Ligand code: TRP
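Only one chain comes next, encoded as structure tokens, the form predicted alone.
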């Protein structure tokens, strides 16, 4: 029986942080153990925020190197650049013809931008380009091009999968056959909200992230900045209300979690000690990946070749699907 397909994309908007690793990279790589795994660098999506070509190219390389350093094996899975698979954009054009404008009006990112404009007494669509407005359609093309069965997402991205399903169903209904497979969201509850330095969701927009490959001294310094309450060393502490413990749980095993939890409840442990334990745990896991990352970045030709090979495979895989779709639509 052929394995089902799981597809993961990541925008090249800087070296990933701890939240990206826990919420996207690690679970994405775990999917490769039971599914055919497709990973792509969403460089066209990044154009909405990055207009410097040198920065965009460099960030694309950095993101690819991060996945490779974290364990992605390009011999077993597929890694490619979105921009190197033009069939994605052909499918985007097709899907646009089956996407109601009203559906795009309900996109969370667009609604948030309009609300912000109105709050600041600007016209609703101020600084809204079509790349941003039609972002969900391009994402649908990314997903639907390869007949993905599962797409790993956080709850804040569920709407994108729902929109992709709506668009695919509209096209299939119009032509009376399943030209496009309907995907499913793959949601991991345990990594839905990764806490940042200030207790809010870890996000670059909040400037509360912990970059993934910081050197040990800088990593420890960042972890020591995590916001905690004013309890003294002697006081027992509630681990379930602690930003430090919430991160620790995502890296540690059951015994380690139980041991630290016991220290919290018993009292006699200060926040500095808790943060030190978090630092040591994170560094023990990230250190070998950090070393691999900087080794890989010394050979950018290798990274470029991996992406090129992946893109060639991707185009071969979607060729028959696009031929069938063109024929069904009458454009062939």
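None of these values were measured; they are calculated from a predicted model. Positions refer to the first chain, counted from 1.
This protein has a second form, the form predicted together with ligand TRP, left out of what is shown; the following refers to that one.
- The stretch in contact with ligand TRP in the model of the complex, judged by heavy atoms within 4.5 Å, is 131-139, chosen from 172-180, 131-139, 245-253, 208-216.
- Contact with ligand TRP in the model of the complex, judged by any heavy atom within 4.5 Å, is made by just one of 42, 307, 69, 37: 42.
- Checked against ligand TRP in the model of the complex, the candidates 109, 153, 84, 165 yield a single residue with a heavy atom inside 4.5 Å, and that residue is 153.
- For the three residues 7, 11 and 143, a heavy atom within 4.5 Å of ligand TRP turns up in the model of the complex in every case.
- The shortest heavy atom separation between residue 157 and ligand TRP in the model of the complex is within 4.5 Å.
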